[in-house]
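Presented as structure tokens, the chain that follows is alone, the form predicted on its own.
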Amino acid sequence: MAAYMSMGEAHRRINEYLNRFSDAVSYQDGKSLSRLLSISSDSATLLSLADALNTFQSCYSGILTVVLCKHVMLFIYVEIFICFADANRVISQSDKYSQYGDILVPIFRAVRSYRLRNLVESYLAFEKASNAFIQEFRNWDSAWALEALYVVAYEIRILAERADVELASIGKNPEKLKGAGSFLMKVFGVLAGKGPKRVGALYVTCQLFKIYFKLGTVHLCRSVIRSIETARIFDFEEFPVRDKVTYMYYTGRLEVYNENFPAADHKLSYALTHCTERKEANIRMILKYLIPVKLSIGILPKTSLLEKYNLNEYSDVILALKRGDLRLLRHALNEHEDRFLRSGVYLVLEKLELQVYQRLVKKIYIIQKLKDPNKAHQIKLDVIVKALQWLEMDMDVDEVECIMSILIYKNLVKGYFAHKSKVAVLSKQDPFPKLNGKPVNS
């Protein structure tokens, strides 16, 4: 914050902001307008405005009301002894730009509060400004202000998250992010109609996804997904690529949670294919979920991919699948348990045990085939028990029998089980079917 600023300089900075706002609206310059609304960006323009507002706050114990006229910006400093009714009367009698006072006055409060790190106050003020902005946005025929709307949608989420952190730190109920979700649903309703504005619906949807995932209320995604994917007014291909990538990423994650791996593979692969290569952090986020999905359908990624995107937590998991090493898989899951749990992929990776068992049995089959090709398809359970003991996995014959039965049932092994002789008799043709991009049968 500036150590000292004259009243004249403060006046100039505020006047400059208002001129920019007015010009952006007059010339339908959505990009410039979006910069003026990006509270959390800490841009030079907004920092300068915040310092100017603080200067006025220090010098006046009054209320700042903004009056926008056709040719010039006027400031009315309404002292405390002037009632709000008089201030409102002055604003209502101004020229056509007076309607933006409902946006600008709370924006000023939001900017100043954010600068002072009064995050709850900043959120509340920005929410008020956002509601006023949406009312104006409804009245604009064209979609020129979509970029500014995107900033409003983004800022309402970010400010709500930070306000909730502040509330939680003082022992109060963090409820602002939930309120931001309700506001964005209202914004989605504004965009869910015919006309060029509808292309903004997917961006708002993605902001809603981020809120629902943050709050742990992912079931709320369903209604929005239904609107996007079934409503005739939307054509998915007309949405911006950036928004389609984000949408497919989040819906792919939902499919992972639902264990619908073919759908998850499709959506996450779409996100990966269309994600800009220079966005390495985003690619890494996609791969965090796509790799477990690929492993679940029998596709192993290259080591170079893990190294490039710093996803080495999957290295031992993949090595365990290649070796048929159950001990290594469990060690990898235990070592990175917290990370996998936070990502929501732990249970997906845990279910890879069946593929590891399949690989172990296959290795035994290959060794036996080298020794005696005629009896390679007959695998005694005692042999599997010994292999597991060598891996320091303590299992008896009954447990191994149960595992082999599951492998046969899941079509990971083709054959039948001779219970009396404790022998698994494998098919002589393709005894270990490949998944070929399909999940293990449930």
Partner chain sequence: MSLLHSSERPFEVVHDFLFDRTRSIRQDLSMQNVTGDQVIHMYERMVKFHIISHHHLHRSCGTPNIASISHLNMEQLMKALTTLFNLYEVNRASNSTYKNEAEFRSFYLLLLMGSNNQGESLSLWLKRVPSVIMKSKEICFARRILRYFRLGNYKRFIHTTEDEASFLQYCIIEPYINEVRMLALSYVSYGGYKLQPYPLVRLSTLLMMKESDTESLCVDCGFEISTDDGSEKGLVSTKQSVICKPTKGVQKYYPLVSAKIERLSAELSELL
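These numbers come from a predicted model, not from an experiment. Numbering follows the first chain given and starts at 1.
Keep in mind that the form predicted in complex with the partner chain is not shown, yet the notes after this line are about it.
**Student:** Heavy atoms within 4.5 Å of the partner chain in the predicted bound form: which of the stretches 252-260, 365-373, 141-149, 239-247 has them?
**Tutor:** Looking at the partner contacts, the answer comes out as 252-260.
**Student:** Does the trio 42, 183 and 295 actually contact the partner chain in the predicted bound form, every residue with a heavy atom within 4.5 Å?
**Tutor:** Not one of the three qualifies.
**Student:** Taking the partner chain as it sits in the predicted bound form, is residue 308 near enough to touch it, meaning that at least one heavy atom pair lies within 4.5 angstroms?
**Tutor:** Outside the cut-off, so no.
**Student:** Mark residue 270 yes when one of its heavy atoms lies within 4.5 Å of a heavy atom of the partner chain in the predicted bound form, and no otherwise.
**Tutor:** Flag for residue 270 set to no.
**Student:** With a 4.5 Å heavy atom cut-off, would you call residue 401 a contact of the partner chain in the predicted bound form?
**Tutor:** Looking in the predicted bound form, residue contacts with the partner chain include residue 401, since a heavy atom lies within 4.5 Å.
**Student:** With the partner left out here, check for me: in the predicted bound form, does some heavy atom of residue 353 sit within 4.5 Å of the partner chain?
**Tutor:** Residue 353: contacts the partner chain in the predicted bound form.
**Student:** Though the partner chain is not shown, can you say which of 274, 330, 279, 178 has a heavy atom within 4.5 Å of it in the predicted bound form?
**Tutor:** Of the listed residues, the single hit is 330.
**Student:** Just one of 405, 389, 378, 28 has a heavy atom within 4.5 angstroms of the partner chain in the predicted bound form, so which one?
**Tutor:** Contact with the partner chain in the predicted bound form is made by 405 alone.
**Student:** From first to last in sequence, which residues of 213-231 have any non-hydrogen atom within 4.5 angstroms of the partner chain in the predicted bound form?
**Tutor:** Stretch hits, in order: 216, 218, 219.
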